[in-house]
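Below you will find one chain, with nothing else, as structure tokens; this is the form predicted on its own, and questions on how it binds or moves follow later.
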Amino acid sequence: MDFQLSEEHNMMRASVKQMLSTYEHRKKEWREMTHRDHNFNYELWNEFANLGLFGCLVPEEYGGNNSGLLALTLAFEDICALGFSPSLMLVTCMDTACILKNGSEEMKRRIIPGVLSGKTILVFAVTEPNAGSNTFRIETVAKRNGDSYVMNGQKTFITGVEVADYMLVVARTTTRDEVVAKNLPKSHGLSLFLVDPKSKGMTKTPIPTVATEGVYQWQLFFDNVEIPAENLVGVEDQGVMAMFTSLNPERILVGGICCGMAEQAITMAVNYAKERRVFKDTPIGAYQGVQHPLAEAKIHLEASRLMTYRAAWAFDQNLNPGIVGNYANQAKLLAADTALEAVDASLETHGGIGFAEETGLAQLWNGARVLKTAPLNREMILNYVAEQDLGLPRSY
């Protein structure tokens, strides 16, 4: 076992930190722009593209650097630790992984160059009003009609549709009733499509939410939306395994984000605790009541990092998706819990000033709390681990 990062990984981290250091003076401005005004930060997005972050999962034959998911996870962690946000990089990169694993050669050549340059933004559309954690209950249907598919249905809580060039949409090409009638496996009948959010027949309604940076959440309605047949990702009716090509990297990258958020919160608390004096001339950081919650958060952060890095390594080694999925889910749960713990401890350390907008801690807490629930809540992860890893009877 080797816990040392490679020279390439360290170079990636150094490049990210160097680039972000030049924008340190813009953090307050960007926080207001994204949190208050919901304006997407194209300037930072293009800087991420220039660093080659969108090429981490892309082989050199398609123009990427193929540095791997671990490198990208480290970059996400550092971005968040320094108080910036990767925003839609998460979904764009996870969709890219899916296209590379399952898309046609024509699709890869058509879509990937735009992703690498930062000109193409991808989002993911799976959730429906009656199909959240249970993807098999999806009711949105896409039926073949000549050289295209016709899609009808709805999606909800889809992030960043207003700035997306394509959505990776999960829909049924065989309905649930047809699956039951033909006695097919419940996983049968789901397919993936790249859909232009500006397509005729689409209606988009924003959902008022907090804790989204620079983008909105959307409810989508598909009314006879035509999708070119070449935008089918993978094999018709066999989209479940293709979908997990996206979901495993998603969980792992969320782990990286949460580790970065925890690092940021702990650093802020430590710096404040070294300077803040309340009684006599003793910094509050000398009191165990302040020290111990931060020390515990630090210990949990190191454990979260190890689990997250292990999951990313397993993905890069092309291990069985089931094994990767187990690591990915555990990493997401542990890191999300740690992020919330660390931000809460930082708020407690700061006291009242922690809730002032200028610190950014209240916004950070909102973001950490969202990631405890999304993209998959801890209860479903515990169900997954109990069944898949411990071999216990299915509970749901």
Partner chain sequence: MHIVVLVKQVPDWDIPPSSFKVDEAAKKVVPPQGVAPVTSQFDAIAAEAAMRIKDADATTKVTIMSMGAATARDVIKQGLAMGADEGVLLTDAAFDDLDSYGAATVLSTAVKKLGDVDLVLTGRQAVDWDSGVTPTLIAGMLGAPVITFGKRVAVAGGTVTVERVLPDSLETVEASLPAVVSVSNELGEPRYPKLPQIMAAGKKQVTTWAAGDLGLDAGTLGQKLTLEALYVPVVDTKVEIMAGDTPEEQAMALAKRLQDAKLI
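Positions refer to the first chain, counted from 1. Given the structure is predicted, the values throughout are model-derived calculations rather than measurements.
From this point on, the text means the form predicted together with its partner chain, which you will not see here.
- This chain is displayed alone, yet in the predicted bound form one of 370, 51, 347, 33 has a heavy atom within 4.5 Å of its partner chain; that residue is 51.
- Proximity to its partner chain in the predicted bound form, defined as a heavy atom within 4.5 Å, holds among 44, 334, 56, 361 only for 56.
- The partner is not drawn, yet in the predicted bound form one stretch among 36-44, 326-334, 57-65, 348-356 has residues with heavy atoms inside 4.5 Å of its partner chain: 57-65.
- The candidate spot formed by 127, 131 and 134 lies out of contact with its partner chain in the predicted bound form, as no residue has a heavy atom within 4.5 Å of it.
- Taking non-hydrogen atoms only, residue 8 approaches its partner chain to within 4.5 angstroms in the predicted bound form.
- Contact annotation: residue 19 falls within 4.5 Å of its partner chain in the predicted bound form, judged by heavy atom distances.
- At the 4.5 Å threshold, heavy atoms of residue 383 stay clear of its partner chain in the predicted bound form, well away from it.
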